[in-house]
Ligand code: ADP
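As structure tokens, one chain now follows by itself in the form predicted alone.
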Amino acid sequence: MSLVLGAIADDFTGATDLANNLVRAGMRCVQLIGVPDHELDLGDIDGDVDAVVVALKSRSCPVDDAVADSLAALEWLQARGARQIFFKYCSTFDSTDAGNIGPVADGLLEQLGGGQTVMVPAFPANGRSVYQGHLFVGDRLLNDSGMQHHPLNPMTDADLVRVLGRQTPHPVGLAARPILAQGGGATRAHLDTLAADGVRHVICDSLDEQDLEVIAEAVVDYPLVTGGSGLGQALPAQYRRRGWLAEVSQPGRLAPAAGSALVLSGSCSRATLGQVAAFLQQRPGFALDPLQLAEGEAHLDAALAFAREQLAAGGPVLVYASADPERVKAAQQALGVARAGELVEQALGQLAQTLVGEGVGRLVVAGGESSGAVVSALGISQLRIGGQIDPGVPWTQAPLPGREAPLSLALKSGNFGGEDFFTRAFTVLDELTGEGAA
């Protein structure tokens, strides 16, 4: 097999976000959970594959681990002939001043032989834009968007040239909007000029889809590109112009859905908090408390009993650890940041494993760390990417041992989706697959 695009994502929902846009742009895509430790026959996944996205858990881990895992993914993708490598991170540039975006990009570039890459986090369809190197979420600068309160990677600086400059020893430049307005040729010439001056990383302004198309045209020959999933949606058209990618009908086709419906939410983003509140206006939910989880099994047992009762009544069912910043801070102060997060992730993973084993077949998970915990608990190694629910969030399906029908799974980044996402997602799945729950 020879791939057109090989992508390395720094978390699970970010990987799904990118894979979703690749499918929407006409690429047949599979998402892998971690770097395979064996020879994986992708041909077994419903025909040929144009793109593979390897999902890592490297956004908030130690820098050395993030680089090592990313290089292992690169080696696997290169062995399968990937024409271009895409390093995917969040459209809000989640990172610390020590990394991990800069160090991973440097490591990948060095392994690929050096040169230059672009940094394109913008995703205009989801309200993420970059102007004069500053990242906006809607009409707010990043540091005034709620991301300044992120429990793991608080983002207090919207100037991405400055942020990235603290993560890499190499020069960081800017491709500003006036350059992009001149088209792909002028943008590539500007990038070449920066490269001649030793600039390795270039932050790219992007206000709309046309800007992303211009950038894609300018960098289609780069060994490595980096950014959010907006750039991923723009690249396939350039691959077709090069003759690398054929037209495909129904690149996101899925099997009929089966099983009861469950929502597990660990994200504390503003968007997810709104989605939890909207769900609770219509149906009951169970709130997981890290402090009670730390006391023993009783709290988790209560969550399981609630879920079973609600599933028997006909779901969808919501179990959530999503909470406002003050409650999160209180739990972190009492337990420690790492311990509070681990307790929630372990609980969500155990809930998923138990309830899927008892018949849940349609599962929505909110939050990158939560999605990683659930996918690991279920032993999922690969996902077929299907149709979109909301920008950045597709339905996927994964084969599970002992189940005739695949598990339908939606992994939602915390900041994505409309307020009615937790209920509407299942309606969309029925429309995509042509059947309701079995």
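Take the two forms, find the largest set of C-alpha atoms that superpose within 1.5 Å, and that set is the rigid core. The first residue of the sequence shown is number 1, and the count goes up from there. Small disclaimer: the values here were computed from a predicted structure and weren't measured.
Below, we refer to the form predicted together with the named molecule, which is not included among the displayed structures.
Asker: Heavy atom within 4.5 Å of the named molecule in the predicted bound form: which of Leu74, Val344, Ala218, Ala352 fits that? Just give me the one.
Answerer: By the 4.5 Å heavy-atom cutoff, the listed residue in contact is Val344.
Asker: Which listed residue (Ala105, Cys268, Leu212, Val360) meets the criterion of a heavy atom within 4.5 Å of the named molecule in the predicted bound form?
Answerer: When the named molecule is considered in the predicted bound form, the option within 4.5 Å is Cys268.
Asker: So which of 383 to 391, 22 to 30, 407 to 415, 59 to 67 is the stretch with heavy atoms within 4.5 Å of the named molecule in the predicted bound form?
Answerer: Contact-bearing stretch, as computed: 407 to 415.
Asker: Is Pro290 near the named molecule? Define near as a heavy atom within 4.5 Å, in the predicted bound form.
Answerer: Yes, Pro290 is a contact residue.
Asker: Give a yes/no on whether Ala323 approaches the named molecule to within 4.5 Å in the predicted bound form, heavy atoms considered.
Answerer: Result yes; Ala323 sits at the interface with the named molecule in the predicted bound form.
Asker: Applying a 4.5 Å heavy atom distance criterion, does Gly368 contact the named molecule in the predicted bound form?
Answerer: Yes, contact at 4.5 Å.
Asker: So in the predicted bound form, does Val161 come within 4.5 Å of the named molecule, heavy atom to heavy atom?
Answerer: Taking the distances in the predicted bound form, the answer for Val161 is no, it never comes within 4.5 Å of the named molecule.
Asker: Within 4.5 Å of the named molecule in the predicted bound form, which residues of 143 to 173 have a heavy atom? Give them in sequence order, or say none.
Answerer: Going through 143 to 173 in order - heavy atoms within 4.5 Å of the named molecule in the predicted bound form - there are no hits.
Asker: Does Pro325 shift between the shown form and the other one by 2 angstroms or more at the C-alpha, the core having been superposed?
Answerer: Yes, because once the rigid core is superposed, the C-alpha of Pro325 moves 2 Å or more between the shown form and the other one.
Asker: Taking the rigid core as the reference frame, tell me whether Gly99 has a CA displacement of 2 angstroms or more between the shown form and the other one.
Answerer: Comparing the forms between the shown form and the other one, which are aligned on their rigid core, Gly99 does not shift its C-alpha by 2 Å or more.
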